[in-house]
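Take a look at this single chain in structure tokens; it is the form predicted on its own.
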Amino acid sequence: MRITRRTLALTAFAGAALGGLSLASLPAAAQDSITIGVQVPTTGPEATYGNDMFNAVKIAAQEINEKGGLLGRQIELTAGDSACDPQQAVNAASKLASQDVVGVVGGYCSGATLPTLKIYGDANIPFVITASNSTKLIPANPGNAFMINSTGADQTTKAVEFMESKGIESVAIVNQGDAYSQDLANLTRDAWEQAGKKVAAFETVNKGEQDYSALVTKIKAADPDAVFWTAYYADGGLLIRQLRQGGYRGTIAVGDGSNSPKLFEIAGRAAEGVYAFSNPTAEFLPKAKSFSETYKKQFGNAPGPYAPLTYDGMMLLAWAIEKAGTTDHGPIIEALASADGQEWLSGPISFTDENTLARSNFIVLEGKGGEWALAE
């Protein structure tokens, strides 16, 4: 069965009508198809990111199929909704593994990606992780997973270098206790102290909190030069707004989990001047111009922050399948490990011995006029 734009759109609509449990799942029984799993949150608080990532995979699959597919066969997609919840992610991964997918692309919330590594590892399924970047994923990786977003350690290096360049001496770090935000918070705290700087406060809050008044009071009393929010945009936007409303006037920075344009919708004018340590996004990637135009035409809005990486993840997996010359998992994993500078939208891809991206891809953004711009 050939994937057309209309087929993908209709299937996505049908999946959404079923509550997102099988968004854009396509028939996998045809003999002339190769089934690829897409693990992303299509429901829950981070669904905006997840659906955006899935849209990027659709575009990549369409382009590949229009050129003849993989090994002479057409790509079909089947989604596993992680909902950024560990248990639901396990269920989604188990579903994908039972469908005998050739490989899996995706992975957003690190805390939800972490428990799926064993499932895909036990089945020896190639897994290209396109957003999740907690260093906690590294020791849990059985060897079949490959991270194409730079790790939290790389982000920490960028954050420390940037804050030092701004003359910041003390920082308050706030996380939500999950694998991603706690890992980034811990790494930053340790690196900041090793640099001889002061961590004025180190706080963990619950996901979904609405009232940060007590935290704002505590941060103001600690009087840090900067506040670093290491979790996601939905709650980060609220904290930023309440910090500014409460009178905090220092620097505010956020991690890549908050690099969404939606941060501006939630924080409003308070997001002006906020810095974000971000993976490369489409508007700052010259090679993503055509991709962005296609994305806008198909989906009616600009691609989100993880769309280029996820497009690249699908292209990388396709490259590995072609190089392996087979749909057998083992040779595809070997091909992925051999990547040596393959490049599509977001920069060259090769891996360390730990299957992490062998370079840092982080850039610094600044909120200006209700959108992100490259920081000067």
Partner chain sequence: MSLTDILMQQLVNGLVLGSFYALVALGYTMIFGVIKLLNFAHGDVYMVGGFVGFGVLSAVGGTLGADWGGIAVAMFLSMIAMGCLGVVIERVAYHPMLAAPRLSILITALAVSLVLQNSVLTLTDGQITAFRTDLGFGGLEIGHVFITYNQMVLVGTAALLMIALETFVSRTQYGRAMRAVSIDKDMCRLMGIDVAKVIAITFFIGSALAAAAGTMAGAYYGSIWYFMGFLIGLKAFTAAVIGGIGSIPGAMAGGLILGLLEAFGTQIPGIGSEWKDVFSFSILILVLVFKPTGLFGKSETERM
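Please read these numbers as outputs of a predicted model, since none were measured by experiment. Think of the rigid core as the biggest set of C-alphas that the two forms share within 1.5 Å after superposition. Positions refer to the first chain, counted from 1.
Beyond what is shown, the protein has a form predicted together with its partner chain; the following relates to that form.
For the candidate set E265, E164, D190, E293, a heavy atom within 4.5 Å of its partner chain in the model of the complex is found for exactly one residue, namely E265. In summary, among the residues N65, T48, T327, S33, the only one with a non-hydrogen atom within 4.5 Å of its partner chain in the model of the complex is T48. Residues within 4.5 angstroms of its partner chain in the model of the complex, judged by any non-hydrogen atom, belong to 201 to 209 and to none of the other stretches in 277 to 285, 164 to 172, 201 to 209, 151 to 159. In the model of the complex, at least one heavy atom of K218 sits within 4.5 Å of its partner chain. Heavy atoms of Q245 reach within 4.5 Å of its partner chain in the model of the complex, making it an interface residue. Contact between A214 and its partner chain in the model of the complex is found at the 4.5 Å heavy atom cutoff. Taking the partner from elsewhere, R241 is found to have a heavy atom lying within 4.5 Å of its partner chain in the model of the complex. In the model of the complex, R269, A270 are the residues of 268 to 291 with at least one heavy atom within 4.5 Å of its partner chain, listed from first to last.
A movement of the C-alpha atom of G347 falling short of 2 angstroms is seen between this form and the one not shown when the two forms are aligned on their rigid core.
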